[in-house]
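Single chain ahead, written as structure tokens, the form predicted on its own.
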């Protein structure tokens, strides 16, 4: 007879996540003078749709292509780097477009977000290259 164990991660996630989400909703609704709940809801739904209809299918197709083209030792690092790069790019879209920029507040959105995104993606791919190199060396050794 085998004993089936329940995974703990979903339980811990619910215990920690539900109160945090509730606090976020209460905070947004309580601060409606500064935050338009409908605008926020539009952004949350839009981000969810962008992820589910655009980002996730692209990453799945890319992952399948990577699985067929690259050697086994570098597949995981390249898949991780591609997925992480896509998420970073999705997060950066409002900043890259300057959404919220205001000429009367020069310190608002005053950075080169394109360069920041490229720098972050370069770090991700450098880490993936290091990871893949270590895996290839280990595989060759034994």
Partner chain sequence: MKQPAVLRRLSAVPRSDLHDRRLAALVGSALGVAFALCFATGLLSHLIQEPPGWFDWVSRPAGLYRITQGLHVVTGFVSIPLLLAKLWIVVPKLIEWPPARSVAQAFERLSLLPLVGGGLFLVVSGTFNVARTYPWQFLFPAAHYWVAWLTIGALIVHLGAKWAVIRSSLGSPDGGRADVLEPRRRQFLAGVGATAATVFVAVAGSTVGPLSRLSVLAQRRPGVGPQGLPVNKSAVGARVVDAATSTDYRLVVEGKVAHRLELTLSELAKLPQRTAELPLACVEGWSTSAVWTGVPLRDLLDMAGAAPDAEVRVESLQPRGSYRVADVSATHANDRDTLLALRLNDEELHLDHGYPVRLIGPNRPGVLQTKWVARLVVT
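These numbers were taken from a predicted model, which means no experiment stands behind them. Numbering follows the first chain given and starts at 1. Here the rigid core means the biggest group of C-alpha atoms that line up within 1.5 Å when the two forms are laid on top of each other.
Absent from the display: the form predicted together with the partner chain. The rest refers to it.
In the predicted complex, no heavy atom of residue 74 sits within 4.5 Å of the partner chain. At the 4.5 Å threshold, heavy atoms of residue 67 stay clear of the partner chain in the predicted complex, well away from it. Contact annotation for residue 120: at least one heavy atom lies within 4.5 Å of the partner chain in the predicted complex. For the chain shown alone, residue 78 is not a contact residue for the partner chain in the predicted complex, no non-hydrogen atom being within 4.5 angstroms. Taking a 4.5 Å heavy atom cutoff to the partner chain in the predicted complex, the contacting residues in 52 to 87 are 52, 55, 56, 59, 60, 76, 80, 84, 87. Comparing the forms between this form and the one not shown on their rigid core, the Cα displacement of residue 115 stays under 2 Å. In a rigid-core overlay of the protein, residue 45 has its C-alpha displaced by at least 2 Å between this form and the one not shown. Core-aligned CA deviation for residue 105 between this form and the one not shown: less than 2 Å.
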